[in-house]
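Each of two forms of one protein chain follows alone as structure tokens, named structure 1 and structure 2.
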Structure 1
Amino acid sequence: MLDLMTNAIEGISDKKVTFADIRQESRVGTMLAVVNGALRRFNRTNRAGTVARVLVGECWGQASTTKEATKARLEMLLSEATKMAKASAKYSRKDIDLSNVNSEQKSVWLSVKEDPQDVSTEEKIDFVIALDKGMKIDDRIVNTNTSYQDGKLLIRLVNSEGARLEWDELRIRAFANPVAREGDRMHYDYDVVAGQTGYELIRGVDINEFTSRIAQGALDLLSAEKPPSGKMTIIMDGDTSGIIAHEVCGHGSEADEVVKERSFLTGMVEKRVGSDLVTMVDDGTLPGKLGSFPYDSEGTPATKTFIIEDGIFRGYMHTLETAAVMGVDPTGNGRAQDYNRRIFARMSNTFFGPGEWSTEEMISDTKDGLYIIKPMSGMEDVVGGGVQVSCLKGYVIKNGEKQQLVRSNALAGKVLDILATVDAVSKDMTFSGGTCGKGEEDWVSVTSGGPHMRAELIVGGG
């Protein structure tokens, strides 16, 4: 297939075409969902497609198909993409130079102990039902939701600079969510296991420990108190600090927003954006993480990109196009949901770097504040730099001691103000995998997380 794709690329004769690539994807996977002991969803995915891109001037043309990738069909895709690019290029203002494109010829295959595709569907269903059943530890657990998902992606890519690449990505995820009710109070808890690995991740789950722990978490929230409100000292767990890294600093550092001057981080390179304790990276090379990959959707190798280093903003996450426009190297962040979607600058594994504190030291060093854990969602204002994170629970800190449990709360503030107040960062790091959309669509797998961090934020909720 790589030979067929290469021959099609080499057959381009239109001199106005300055760059072209062809990417073929095939996906297989399983999605299961169980609600209150009943199997509510069972999907099997088996689909494939091919996309060709062509660059003329500064304009891209793109054409895709789900049909078999024959020589004639690949040539047709390139022809259609060329027509689209040339039509737009009539109004082109400049040319984009993509001479700094990866031209490797390489195959990269993920090594796992047990491919989920070799595990029977019956065994996967048994696992999800066992998770669901395990959360029924008390009559006050009135609702249970569990899910399992695996997916294997095979990608082949060639470009006009000589690249011939093929690689695979294998992701797996399990989720459990118990809901507890007592009188007019209702609360939930959740947990996730996820990674770019094999079914050994699932075999390593202690079902009794996993389910009873989160079920008890939901029950404990029934008697939790209302959180205090106002601006105060917050110690946030790694998942919560990761949401802040992802939602505002992450999306604000995607270079396709920066070149349009739609990010509050436009023009901030080499300027201070936080205290000396703040470092933030996007690293698509981390082994086993959900947001990792050998190459992005343009064939650029995944990299570790320093976005903030010791409080100084260092740079953005780039596609081939944005890197060329800004005169820097591509960072391997050009990602598309699939062959039928456009490539955008997207995150991979995005997080704040570790510090020197232990969590216990941070708590004992705090006279008055909140210890916040378990984020539920985040909202960003990429233009203004504001953030709001809804969290499931936390604990009041008084005189260096963790005290009463408090229920749902929301953290808010301007991210540059928040990062300026960071005065303690923990050594421990936690990571959570999920998906991220560009706006309301174009979903890709990512990881966030990081260390515990102490900063000043506005708290509301209850």
Structure 2
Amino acid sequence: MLDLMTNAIEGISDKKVTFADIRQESRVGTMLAVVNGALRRFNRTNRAGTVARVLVGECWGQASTTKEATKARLEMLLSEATKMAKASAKYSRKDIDLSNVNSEQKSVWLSVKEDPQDVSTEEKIDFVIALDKGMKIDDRIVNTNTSYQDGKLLIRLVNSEGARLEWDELRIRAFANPVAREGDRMHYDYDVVAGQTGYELIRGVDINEFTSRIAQGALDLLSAEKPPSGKMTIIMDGDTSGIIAHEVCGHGSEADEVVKERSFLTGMVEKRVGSDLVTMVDDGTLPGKLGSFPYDSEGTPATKTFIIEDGIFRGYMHTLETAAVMGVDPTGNGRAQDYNRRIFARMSNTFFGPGEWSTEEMISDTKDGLYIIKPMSGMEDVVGGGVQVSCLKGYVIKNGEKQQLVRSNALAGKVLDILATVDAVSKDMTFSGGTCGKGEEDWVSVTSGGPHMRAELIVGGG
């Protein structure tokens, strides 16, 4: 297949085409869902497609298909992509020089202890049912939802600079969600384990601890109070600080948002953006993390990128194109959801770096505030640098002690104001795997997380 793809690329004769690549993806995966103790869904997929990209001036044409990738069809995809790129290029204002991109010829295969494909379906079903039933610790748990997913992605990529790459990615995930009800009041909790790893991740789950903890979490929320509203001192858990790192600093540091000066972090390299306790990294090379990969969707090796170091902004996450425009090396952040979607600058594993505090010290050092745990969602504000993070729960802190539980809330503020107020960061780090959309779509696997952080934020509780 790589030969076929290379031949098609080498057959491009149009001199206006300055760069081209072809990528073929094949995904196989299993999904199991259990509801209220019974298997509800058992899905397997085999989804494959081929996409060709062509660059003319600064405009791309892209054509994809799920039909068999014959020589004629690959040539047709390139021809369609060229036609579209040339039509758009009448608006082009400059040429992009991608002649220095990675031209490796390499195969990279992930090594795991236990490939999920070698584990019997019956064993996986038993695991998901056990996880689901484990949450039924009280009659007030009225609904339990559990899922297991594994997926293997095989990618082949060639480009006009001579790259011939093939690699695989393997991701695995288990999710559990109990719903508690008392009268008309309903609340839920959740937890997830996920990684770029084998079935050993699932074998490491302590089912009793995992399920009883989140079931109790949902039950406790039935008597939780409404949180206070207004600006206050917040201690965020690692997952919540990770959402802020990802949604606000992360999306604002994706270089496609910088080259067009949309991001509030445009022109901030070497400027102070937070207290000297703030360090932030995007690292696609971390072993086992959900957002890791050997190459991005353009064939650039994953790297570790320091975005903020001791409060100073250091740099952005790049695709081939943004790196060429800004005159720096690509960072391996050009990612696409799949063969149907575009490539643009995306995060991998993004997190704030650790500090020197213990979580207990941070709480005992806080006179009046909120300890916020479990984010539910976040939304980027690349233009304004604003924060919206919705969280499941928290605790009021009074005189250094964790007191009553409060229910769902949202954190808000301007991130540069928030990072300037960071005055305590914990040693402990947590990471959560999930998916990230950009502009409301284009979902890719990522990890966010980090340490507990203390800062001043706005809180609103519903």
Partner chain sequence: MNLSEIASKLVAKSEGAGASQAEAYAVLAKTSSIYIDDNIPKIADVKEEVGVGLKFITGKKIGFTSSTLLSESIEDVVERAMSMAKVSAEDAKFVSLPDPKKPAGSSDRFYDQTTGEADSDVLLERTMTLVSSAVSDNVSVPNGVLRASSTDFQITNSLGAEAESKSTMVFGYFTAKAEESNSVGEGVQRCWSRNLNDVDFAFIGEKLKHQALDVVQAKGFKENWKDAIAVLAPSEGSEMLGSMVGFAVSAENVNNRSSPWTDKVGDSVAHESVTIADNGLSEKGLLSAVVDDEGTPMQTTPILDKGVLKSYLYDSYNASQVDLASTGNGIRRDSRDAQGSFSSPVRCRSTTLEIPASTKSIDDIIGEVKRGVYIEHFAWPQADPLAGTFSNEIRNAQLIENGELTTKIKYALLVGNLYEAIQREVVFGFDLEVHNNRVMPTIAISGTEIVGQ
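Only the largest set of C-alpha atoms that superpose within 1.5 Å between the two forms is called the rigid core. Predicted, not measured: the structure shown is a model, and the values here were computed from it. Every residue number counts along structure 1's sequence, beginning with 1.
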- prompt: The same chain appears twice here, once per structure, so which copy is the form predicted in complex with the partner chain?
  reply: 2
query: Fitting the rigid core first, would the Cα of residue 58 be found 2 Å or more away between structure 1 and structure 2?
result: yes
message: Taking the rigid core as the reference frame, tell me whether residue 158 has a CA displacement of 2 angstroms or more between structure 1 and structure 2.
response: yes
Core superposition between structure 1 and structure 2, C-alpha change of residue 71 at least 2 Å: yes
message: Relative to the superposed core, report the C-alpha shift of residue 107 between structure 1 and structure 2 in angstrom.
response: 2.5
message: residue 13: how large is its C-alpha shift between structure 1 and structure 2, with the rigid core as the superposition reference, in Å?
response: 4.3
